[in-house]
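Single chain ahead, by itself, as C-alpha cells, in the form predicted alone.
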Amino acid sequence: MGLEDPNMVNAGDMNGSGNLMDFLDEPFPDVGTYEDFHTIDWLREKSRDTDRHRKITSKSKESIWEFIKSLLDAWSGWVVMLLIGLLAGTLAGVIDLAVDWMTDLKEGVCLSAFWYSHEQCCWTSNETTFDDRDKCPQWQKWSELLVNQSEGASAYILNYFLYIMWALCFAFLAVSLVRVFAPYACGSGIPEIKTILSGFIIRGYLGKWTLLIKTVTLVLVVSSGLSLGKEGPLVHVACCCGNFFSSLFSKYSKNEGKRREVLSAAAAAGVSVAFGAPIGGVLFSLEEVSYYFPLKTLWRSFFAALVAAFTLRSINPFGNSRLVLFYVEYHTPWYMAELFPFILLGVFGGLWGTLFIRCNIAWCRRRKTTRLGKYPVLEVIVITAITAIIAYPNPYTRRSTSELISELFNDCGALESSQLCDYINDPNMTRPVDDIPDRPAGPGVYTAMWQLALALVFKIVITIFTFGMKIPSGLFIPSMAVGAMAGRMVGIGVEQLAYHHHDWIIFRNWCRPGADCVTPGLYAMVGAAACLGGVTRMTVSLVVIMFELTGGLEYIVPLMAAAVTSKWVADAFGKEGIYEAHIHLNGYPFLDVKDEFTHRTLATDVMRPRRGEAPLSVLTQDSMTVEDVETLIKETDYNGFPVVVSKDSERLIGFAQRRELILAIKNARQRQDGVVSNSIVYFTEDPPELPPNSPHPLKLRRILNLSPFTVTDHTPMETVVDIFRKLGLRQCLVTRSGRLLGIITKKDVLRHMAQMANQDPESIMFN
C-alpha cells in the first residue's frame, strides 16, 4: 500500500489543512474480516461481492488476460464443487472400507490377508459353500487362532473378552485423539454447521486438523460398536473439505457470505455420500441446514452431490455396486389397509423422537453442569464397556448397526439364511423364487422376535447416553435402527395375522391363501423413516433420502404418511428437533427461520441503553482525537460504534466496526507520519478547520458504513425479528426523526425471544 504522491501533499498544505493522507484509499490487510465467535454482516458481504464482480467485469474488457481471469473467476465455483465432490466421495469410501475391516477385527482375522474383512476374506476363498457362506478356513475367530477351539464355553468367553478389549481400545484411541488434537471433532457437527451457515464464526471448526482427526476417529468409534452412526459426521467432514477448497480461491476466502454458499453445497455432498442419495442431500441442505440458499447454490449443490456420489460409486466400498449397505428392492405392492400400521409406526417414531430429545438434552445438560463433564475419557470408556458387554450375547446388537438395518430391510427370498427368514415351507411349493407366499413363522422367527425386542430396548436406552459424548457421533443410523426393529416386529405380526386369519374382512380383499401380501422389510423401512423424522423433524428430504436408499418409488405414500405423522406427534410435545435443541443447549446465537414471534412488543422495549443505563457509546464525526477513540475501545467491548454529528445533536452519520477502527489506527501509526495521540479523527469528506500548529488529522471515512440499517423506536419487534432473520443483520440502530436513540443487536433479539418464551435470557450467550 503506497502513500500518496508528495506533490499532492504540498497541495494540501496550501489549503492550511496540514499534511493529509487518506491512507485508507487502498485497503489494508484484515479489514472486512471478523473476530472468532462473532456474527458476519450478510448485507456488507453481499455488497462487497457485488463491487468485486463489477470491478472484474469492467476490467475484462481491457485485455485478453483480464478476460481469461474473469472466466476463471466465473468457473471457480464449479471447480470448488468438483473438488469437494471428489474429496468427500473418496473419504466416505475410505471410511466405509476401514469400518468394515475394523468391525470384523473385533471377532477374528483373515489369515490369507489380514486387511480383508470377513466377507472379502470368504469371497476370495475357493472352499466357501453357499450354505456356509460365512465360514471359510481363511477366516478364523480369535478363539480358533489363539486356543484352537471354535465351539464351547472357553472359546465363547475368549471371543467375548477380546470383543470388549478391541471395542475399548478403539474408543479410547478415538477420544484421546479428539481431546489432544481437535476438540471440535466431537459430536455430529450438524448443530454447529447450522449455526455457522447462519453467519456465526467458529474458527477452527472446519479446519484441516478437524478434518483429519474426525475422519480417523469416525472409523474408530463406529468400529467400536457404540450406538452411533457416521452419517451426521460425514456432513461435517464434507463441510471441512468445502472450507479447505474455498480458502484456495480469494473469491471465497475473503468473503464469508460466499464461503457459506460453498458450505451449503458441501453439506449436500456429505448427505449424498452418507446415504447414496444425491437429491436427498440437496433437499437436506435446503430444508435442514442452510440459512441462505440462492438458486445458484441449488445447482452447485446438485453438482457437488452428483460428483460425490459418482466418486463413491467408483470406489464401490460394499462390493454390491450400491452406494449404501442397506439397499433393497421389494416386489410386492402395498395395500390401503396397511396404511393403518404405517401410521401407527409414525406415532411410535414421533413418541420416540420426543423421548430421545428430552432425555438426551437432560443428560447433556447434566454433563455440562456437573463434574461428569470433567471426565470425558472415562465417560466414553464406561459407555463403550457397557455397550460391548450387553451387545455381544445378542446377535442383532453384536453386528454393526448398518448391517442390522440391512438385514431388517431385507425381503425374505428363497436363498436367505437369516433367522428372520426361518419360516415353515410348504413341501409342494412350486413358485418363482422371488414371489414366495406368506408362510407360518418357524422357531427361528420367534427367537428373532425376542432378540429384536431386547435389542430395541437396549438401543433406545444406550443411544440417549451415547449421543453428545466427546467423540464423533451421528444420530441417523441409531434412530433408523430403532425404527427398523420396531417396524420389522410389526411387519412380522401383520404378516402372521394375515396368514392365520385371511378370512377377516380387512384381509379378504387383498390377501388370498398362497399369496405374498405382506412384506415385513417394508415395515422396517417405514419405521426407520418415522423414527428418523421424529428425532430430526425432517419431512421432504427424509422421504426422498429413504426412497433413494431403497429404490422403491411406489412406497413413497407409506413413507410420507409415516414421516408426516411422526412430525405431527413430535411437534405436539415440542417444536424443536434434536439439532435445534443442541443449538439452544450450547447457547449459539441462532435465529431459527421456523420460529414464530407473535408478541406485541416494540423496538424501544428491546433496544439498549434502557432507562437508568449509561448513554450509548458513540463517536463524533470530527471532534474526537485518536486517544479518545482508543480509550473508548479499551473501556468497552462493543463490536462497533455509531458515528453522530455531535454529542448534542445526535444526528446519525454511520456506523464504524470496532475491529476496523483498531486496524485503521494501528496502520496509520505505522505507515503515516505525524499521526499522534492528539490527532483529530474525522469521518467527513473534508477535513475540519484546525489551528495552524495542530498535528495531522486522521481520515477514517473509508471504514465508515454510511448506510447502517435503522428502524424507528415504534417499529414492532415482529418486524425487527423478521428483518434480522431475512437480512442476516448483526445490529440495527434505533432512531426518531433522524436522532439516534439506541441499538439492537442479534443477541438482544435472541434474549428478548427467550424472555418472551419464559426461558432464561442469559442462556443465549455462547457457552
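Predicted model only: the values in this text are computed from it and were never measured. When you see a residue number, it is the position in the sequence shown, counting from 1.
If you look for the form predicted in complex with another copy of the chain, you will not find it shown, but the lines that follow are about it.
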* Structure fact -> Heavy atom within 4.5 Å of another copy of the chain in the model of the complex, from candidates 630, 287, 107, 119, belongs to 287
* Contact assignment for another copy of the chain in the model of the complex, among 362, 146, 540, 113, heavy atom within 4.5 Å -> 540
* Listed range touching another copy of the chain, judged in the model of the complex by heavy atoms within 4.5 Å, from 668-676, 83-91, 151-159, 593-601 -> 593-601
* Asked: If you check in the model of the complex, is residue 313 within 4.5 Å of another copy of the chain, heavy atoms only?
  -> yes
* Give a yes or no for residue 703: in the model of the complex, does one of its heavy atoms lie within 4.5 Å of a heavy atom belonging to another copy of the chain? => no
* Can residue 34 be called a contact residue for another copy of the chain in the model of the complex at 4.5 Å between heavy atoms? -> no
* To do: Check whether residue 47 has any heavy atom within 4.5 Å of a heavy atom of another copy of the chain in the model of the complex, and answer yes or no.
  => yes
* To do: May I ask you to list the residues of 698-712 that have any heavy atom within 4.5 angstroms of another copy of the chain in the model of the complex, in sequence order?
  => 701, 706, 707, 708, 709, 710, 712
